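What follows is a single chain, given as structure tokens, in the form predicted on its own.
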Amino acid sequence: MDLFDTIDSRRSVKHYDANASLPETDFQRIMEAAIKAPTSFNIQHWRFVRVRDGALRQQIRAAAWNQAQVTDASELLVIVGDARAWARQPERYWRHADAATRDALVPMLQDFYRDRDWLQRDEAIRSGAMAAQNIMLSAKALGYDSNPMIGFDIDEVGRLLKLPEDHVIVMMLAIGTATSPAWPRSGQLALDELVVADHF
């Protein structure tokens, strides 16, 4: 599928075939695309919780106001960002780079994020969101639909997943085979309202 067609046809689908499954080869291909998303300093903040346990899915569905896609979609991913990824052996992010590059980037990264909790959190969410877009587009290119979700009790889902304190939930993603199409687009704002030249 052409990239622009994929972007145009990717929609947030709510209804899935509960009997359909995603072949493992397709899932791995989608996740390989996910980790090619850009991320600041190559930190790769994203962590992907693949929820496969049926009972846990039911609990998450209860925390998501009983939205059916949580249990009916072939895959449920909770995309999480590690806000402290910048401090966890940062030299490994450039393990294939030369020593001079590594020696320059590691202290630069540490100086940039140290003592800036808001930036650490924002960066984790930014990275997770870019990975999520790669997931949705690659799933669509393979013929699957998806639904990014933030409509759930974040604290409860974090508790169910035993989320570490220094991690933040970015969103949930349901992926699978649609049983009904998404609603028609309700209206995109005009570009001349969204694109600003030079300054506001």
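All residue numbers are counted from 1 along the displayed sequence. All figures in this text were calculated on a predicted structure; none of them were measured in a lab.
As for the form predicted together with a small molecule, it is not shown, yet the points below apply to it.
Exercise. Report the residue, out of Q59, Q67, S40, N134, that has at least one non-hydrogen atom within 4.5 angstroms of the small molecule in the predicted complex.
Key: Here the answer is residue option Q67.
Exercise. Consider the chain as shown here, without its partner, and state which of P164, G54, G151, G143 has a heavy atom within 4.5 Å of the small molecule in the predicted complex.
Key: Contact with the small molecule in the predicted complex is made by G151 alone.
Quiz prompt | 4.5 Å heavy atom contact, S138 to the small molecule in the predicted complex | solution = Answer no; every heavy atom of S138 is more than 4.5 Å from the small molecule in the predicted complex.
Quiz item: Closest heavy atom of S12 to the small molecule in the predicted complex, within 4.5 Å or not?
Solution: Looking in the predicted complex, residue contacts with the small molecule include S12, since a heavy atom lies within 4.5 Å.
Exercise. Work out which of the listed stretches, 32 to 40, 156 to 164, 143 to 151, 46 to 54, brings a heavy atom within 4.5 angstroms of the small molecule in the predicted complex.
Key: Selected stretch: 143 to 151.
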